[in-house]
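Just the one chain here, the form predicted on its own, laid out as structure tokens.
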């Protein structure tokens, strides 16, 4: 799957940072999120169904989730104490934390009982553990403190009575009496500590019977909290729950994303007063080529596709109007110079080594999404074009992956059955563009030009070569006629 640096580059970290679980348990799942494996479709669809259920319920009545949120925020991480309860005697502090957790759990279970959506969730069951709480709260007061009561044993009651009497006597004792009383009090304190240790041992052993069940309940709490965080983020950023298609033949499987966006890139654009252009694409196994000028949005489309495909495979909402994906065996992205100086490889050599590893991976585990952004750009145009054409033919013949290649080389798109182009300047008003650029300062011309660009993708008939947008952009920017007349189209 994608490497950490690539995940940051496509905007995945931005999504993770904006997820806001209420509990430490949900937050741990947030930090450990990973794609589901190809044979885990049932688990993935169950998780996505949970997100959908919670999103509908939260959108309908967000206030009804407030008691649940408050209880989740009060939960502390007691898993280390649970493990220790099966091995040794717990301390007063550990028993206090467990008692407090079980008290909060009663509120959490009551809040869940009020939410029909919570009761319908897959693999999530939240319930109070009264028997376990009674063990660590023997007086039944449900106070947010922990102290063994005097009646825990006759011996403890006797020792505490004698120690209290010694304390009272010390306050009024003469100097000659104080040494003896202090020694007695010290002895009683040691006896009290030993008796409390014995009683805590009994309490720990009685509680340990429930520790495994409580551990599984914590897993349910984490799953509920994490799914709720995903549902809230989906509503905030106008995403959707992807549909994970059932297994189909290699020529039938489709990957469809309609009007997808990239929230990280969208936020960066809004800071500049611009909006992200939604991207739609439909892929089948084989080769798909995307063409357009270098500043025309091909890389943005690839990053947006990589992000949303990865999110879907990780049980997350995707940021699109509609999304249907098969279970992907892997996601490969080759989008940057792969220089490996330690191995003595050039950037081109590193790129080819990575590409060969991708080919082997696709052969061993068919059904991956392969994204090649300006593949073979690190060598001369003649050989680079030959390599890209070979890649298009290879993926189309093998049908082992959903392969997407962006390129500006001629005679590549005609080899692929599916060809998308970045709209670029084709819809721009020529006179308005010319007037705006004429009035712009030189340093802002590029920024102004980007405002006229349409970064959306549109599908073009097979056999059509990419337009020569680079020359059109140069003319729009007013590049010297003295130079442009030497350019032969």
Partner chain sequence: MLYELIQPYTSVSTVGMCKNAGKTTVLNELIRLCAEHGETVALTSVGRDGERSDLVTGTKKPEIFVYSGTLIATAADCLDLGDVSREILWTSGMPTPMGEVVLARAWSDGLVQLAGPSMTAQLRVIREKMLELGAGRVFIDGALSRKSLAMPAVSDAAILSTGASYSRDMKKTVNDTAHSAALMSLERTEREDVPEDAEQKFTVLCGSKAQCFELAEDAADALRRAEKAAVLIRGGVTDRAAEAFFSAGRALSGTEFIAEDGSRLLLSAGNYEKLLRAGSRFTVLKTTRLLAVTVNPFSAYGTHYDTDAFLDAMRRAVPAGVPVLNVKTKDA
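Predicted model, so just to flag it, every value in this text is computed and none were measured. Numbering follows the first chain given and starts at 1.
Although not depicted, the form predicted together with its partner chain is the subject of the following passage.
How about residue 237: is it within 4.5 Å of its partner chain in the model of the complex, going by heavy atoms?
-> Flag for residue 237 set to no.
Could you confirm whether residue 146 comes within 4.5 Å of its partner chain in the model of the complex, counting heavy atoms only?
-> Output for residue 146 is yes: heavy atoms within 4.5 Å of its partner chain.
Using the partner position in the model of the complex, report whether residue 158 sits within 4.5 Å of its partner chain, counting heavy atoms only.
-> The answer is no: residue 158 has no heavy atom within 4.5 Å of its partner chain.
Any chance residue 93 has a heavy atom within 4.5 Å of its partner chain in the model of the complex?
-> Within the cut-off, so yes.
Where, among 272-280, 162-170, 298-306, 371-379, do residues come within 4.5 Å of its partner chain in the model of the complex by heavy atom distance?
-> The contacting stretch here is 162-170.
Which residue among 195, 137, 330, 97 has a heavy atom within 4.5 angstroms of its partner chain in the model of the complex?
-> Among 195, 137, 330, 97, a heavy atom within 4.5 Å of its partner chain in the model of the complex occurs only for 97.
Option touching its partner chain, based on a heavy atom within 4.5 Å in the model of the complex, out of 189, 209, 256, 359 | Exactly one residue meets the criterion: 189.
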